[in-house]
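Before any questions on binding or motion, here is one chain by itself as structure tokens, the form predicted alone.
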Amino acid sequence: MEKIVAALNALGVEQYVITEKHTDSLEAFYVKKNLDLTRRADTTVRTVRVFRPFEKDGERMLGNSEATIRPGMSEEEIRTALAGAWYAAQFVANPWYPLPKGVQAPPKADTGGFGGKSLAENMKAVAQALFAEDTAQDVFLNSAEIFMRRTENRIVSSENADVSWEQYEVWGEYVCQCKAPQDVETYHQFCCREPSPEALRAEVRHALAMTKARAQAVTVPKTGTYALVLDREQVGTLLSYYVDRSNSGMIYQKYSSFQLGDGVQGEDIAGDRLTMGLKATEPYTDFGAPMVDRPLVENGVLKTIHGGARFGHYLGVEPTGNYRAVTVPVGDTSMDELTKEPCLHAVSFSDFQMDALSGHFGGEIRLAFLHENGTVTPVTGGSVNGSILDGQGHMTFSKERFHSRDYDGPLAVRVEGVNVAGEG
């Protein structure tokens, strides 16, 4: 760090942000329940972002560029890398904006359940939870990968920032297999920042049940318009439309028309009114300023425009930092009530996506349950193609809750009038 700062001073760089990440990671690979391979990695990477003020056509500009400084680089190599970034910054003609002031604070330890334990201890606990529900013969986990990471973060800037914090994260993927009545495999992921063995066991239990249902599904849904029920991560993906559209970069560049105080859920709201909050998953922004939880939408009304320093200054709003996690209050309707009337309950897609520019969402159906005429039929095939602009006034949220790394809210949502391309 001292060598980097000395090189910056020698180059005459007055504004900069240095980000340091020291990562210790452990990876485990399983074939069925048998540990097949482990890998350990220990890496340190420092990224230096330099800011260069200049004038162009009589207007103040602030260019920026980055250099990566790796362990083992000599002082000459460090200076050469930084000089390249300093030279490149003059060609980035962004209108001038002030850099946010950072803070100086003692290091923050991770106070969650992973903190204070070795990666191996945490990995063992996660693996035990992952395989705890794998007890049947007809449907089982045929492979799994678990990744555990501990990161020591530090940010030092010319704007008075010097902060550091510890952070744990675990994520993984596993494949469930059912061999009869047809041999199928389904792919699943999990990710969390806090240990939650019961939640992981519940998700594996659900995945195994859905794999068994997928093995029985042979019917393709009919082409038509359906009430669509989405659950779990797909709810977070659907609601990411509001997070993306309220970002200051999207608004400044005219990709979004959202403004503070707008009724972003539309005017005719026959379903549940939307309330969302932004969750600070890291204690500091990338400039070393404190991050806090913020309201995003309250009863359908936009309360916060969020984003980094540059676009925030251009719009005249507070630079909040970049958020990716949201919290949403649960609704008043149970899952049984959500699916009581005819609907298509889609539980698995090849890749469910939301296009924040157009508001369209969709994906190819891997497994869904068709609720009609008092019967429930597992179906597979076809695709969903809907628009949140058409359905946002008719969303109904479940009172059951689901929690993942970046989404904490209703387990499911029912959206009326969604197009499904299928058979016939």
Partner chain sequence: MKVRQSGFIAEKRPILLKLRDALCAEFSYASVLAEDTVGRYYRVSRHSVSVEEGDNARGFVVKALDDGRYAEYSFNELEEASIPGIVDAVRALLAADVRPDGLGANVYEPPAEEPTLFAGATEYEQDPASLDDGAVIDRLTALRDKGLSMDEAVLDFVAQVTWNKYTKLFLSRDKDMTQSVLYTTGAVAAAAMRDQQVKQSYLPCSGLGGMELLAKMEDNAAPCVRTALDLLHSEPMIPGEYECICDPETTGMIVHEAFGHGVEMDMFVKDRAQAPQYLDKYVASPLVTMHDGASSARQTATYFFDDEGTAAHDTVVIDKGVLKRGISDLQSALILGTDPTGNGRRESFARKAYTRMTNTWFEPGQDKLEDMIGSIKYGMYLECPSSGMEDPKNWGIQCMVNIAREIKDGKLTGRIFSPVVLTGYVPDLLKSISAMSDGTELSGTGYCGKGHKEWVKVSDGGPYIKARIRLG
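Positions refer to the first chain, counted from 1. Computed from a predicted model, the values in this text were never measured in an experiment.
Omitted from view is the form predicted together with the partner chain, to which the following refers.
The three residues 279, 298 and 305 each lack any heavy atom within 4.5 Å of the partner chain in the predicted bound form. Remark: of stretches 191-199, 139-147, 282-290, 332-340, the one touching the partner chain in the predicted bound form is 139-147 (heavy atom within 4.5 Å). Only one of 154, 313, 294, 214 lies close to the partner chain in the predicted bound form, with a heavy atom inside 4.5 Å, and it is 214. Put simply, of 252, 165, 168, 97 only one has a heavy atom within 4.5 Å of the partner chain in the predicted bound form, and it is 252. The closest heavy atom approach of residue 261 to the partner chain in the predicted bound form falls outside 4.5 Å. Contact between residue 79 and the partner chain in the predicted bound form is not found at the 4.5 Å heavy atom cutoff.
Interface residue remark: residue 232 is not counted as part of the site for the partner chain in the predicted bound form, having no heavy atom within 4.5 Å.
For residue 179, a non-hydrogen atom is located within 4.5 Å of the partner chain in the predicted bound form, even though that partner is not displayed. Taking the partner chain as positioned in the predicted bound form, the residues of 87-126 that bring a heavy atom within 4.5 Å of it are, in sequence order, 87, 88, 91, 92, 93, 94, 120, 123, 124.
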